[in-house]
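Single chain ahead, by itself, as structure tokens, in the form predicted on its own.
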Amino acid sequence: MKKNGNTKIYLLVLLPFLVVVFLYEILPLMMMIISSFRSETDSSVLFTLENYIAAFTKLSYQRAILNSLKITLISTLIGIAIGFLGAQSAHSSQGRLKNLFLTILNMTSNFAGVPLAFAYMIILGNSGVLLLLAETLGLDFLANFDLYTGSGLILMYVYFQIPLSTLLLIPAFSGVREEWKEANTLLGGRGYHFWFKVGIPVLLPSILGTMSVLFANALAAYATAYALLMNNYSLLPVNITGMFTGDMTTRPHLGAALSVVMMLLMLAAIVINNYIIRQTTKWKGR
């Protein structure tokens, strides 16, 4: 009897949270999915696939999806590789050095969006400090760098992926025991033997989970790309925003369809990640 009473109290306490989740997450998601099946030209049509057909057949939307996937995948892979090394270094350090490193990571992880775009313009823009310095020193590879391209976007995306991946991976290194490293050394193994045969397999679930977060973080990033290139580079989140805030006309139903496509891409990444984690867990158990 007492247990049932406690359950009712817990549900009552959770009720405000459930109401907020329903109003601000579930309900908007349902409305977006319903809207994606409405026609832009004929409001009397309650169900149509024309928005999804346009999303996958029109060249501009195809390019937006492919560009977003390319930048997302490249920045995620580079971010997880550098973040792994940074997390390992942070875990190994102690005292003030570790605190300083964590402070810098927290600061840089929050430096994104429009301020990050402006900072890159000042440093690597057409008249950026580093470009002018490279011209003076005769460093053509840097002097000819064009920030306002896909390469510039990748560079900025990598910037905010690295601190995020590092912060997410640092706790995972607590699962790597010093005894394993000592056993590897006693058996004549080198450092790379340990990491490739023991360390990375143990950390693989955390690495894959972090990659899922990085993938979603980059795929949905909007402010940085828009502040740098506006509509001059086709990206999925930029195209979606243009559907709802267009200067001339809005196309909310097509924007909803593109939003669903982006959501499905994130969902596919999560499903693939979970499948790999399950297979890795089965392999470890053998």
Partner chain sequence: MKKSRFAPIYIIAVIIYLLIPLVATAIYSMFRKWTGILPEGFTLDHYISLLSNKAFLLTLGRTVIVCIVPIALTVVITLLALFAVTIYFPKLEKYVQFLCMIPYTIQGVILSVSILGLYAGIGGFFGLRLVMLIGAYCIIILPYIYQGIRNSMHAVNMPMLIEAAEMLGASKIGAFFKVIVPNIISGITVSSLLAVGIIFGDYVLIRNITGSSFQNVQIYLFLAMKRSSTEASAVFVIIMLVTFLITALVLYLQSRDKRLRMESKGR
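Take the two forms, find the largest set of C-alpha atoms that superpose within 1.5 Å, and that set is the rigid core. Numbering follows the first chain given and starts at 1. Here the structure is a predicted model, which is why all the values come from computation and not from measurement.
FYI, the form predicted in complex with its partner chain isn't displayed, but the following is about it.
- The stretch in contact with its partner chain in the predicted bound form, judged by heavy atoms within 4.5 Å, is 84 to 92, chosen from 84 to 92, 69 to 77, 202 to 210, 139 to 147.
- Within this chain, residue 271 is remote from the site of its partner chain in the predicted bound form, having no heavy atom within 4.5 Å.
- Put simply, residue 279 is far from its partner chain in the predicted bound form: not one heavy atom of it is within 4.5 Å.
- In the predicted bound form, residue 230 approaches its partner chain with a heavy atom inside 4.5 Å.
- Contact annotation for residue 226: at least one heavy atom lies within 4.5 Å of its partner chain in the predicted bound form.
- Applying a 4.5 Å heavy atom cutoff to its partner chain in the predicted bound form picks out 110, 111, 114, 115, 118, 119, 120, 121, 122, 123, 129, 130 from 109 to 131, in order along the sequence.
- The two forms, fitted on the rigid core, differ between the shown form and the other one by 2 Å or more at the CA of residue 26.
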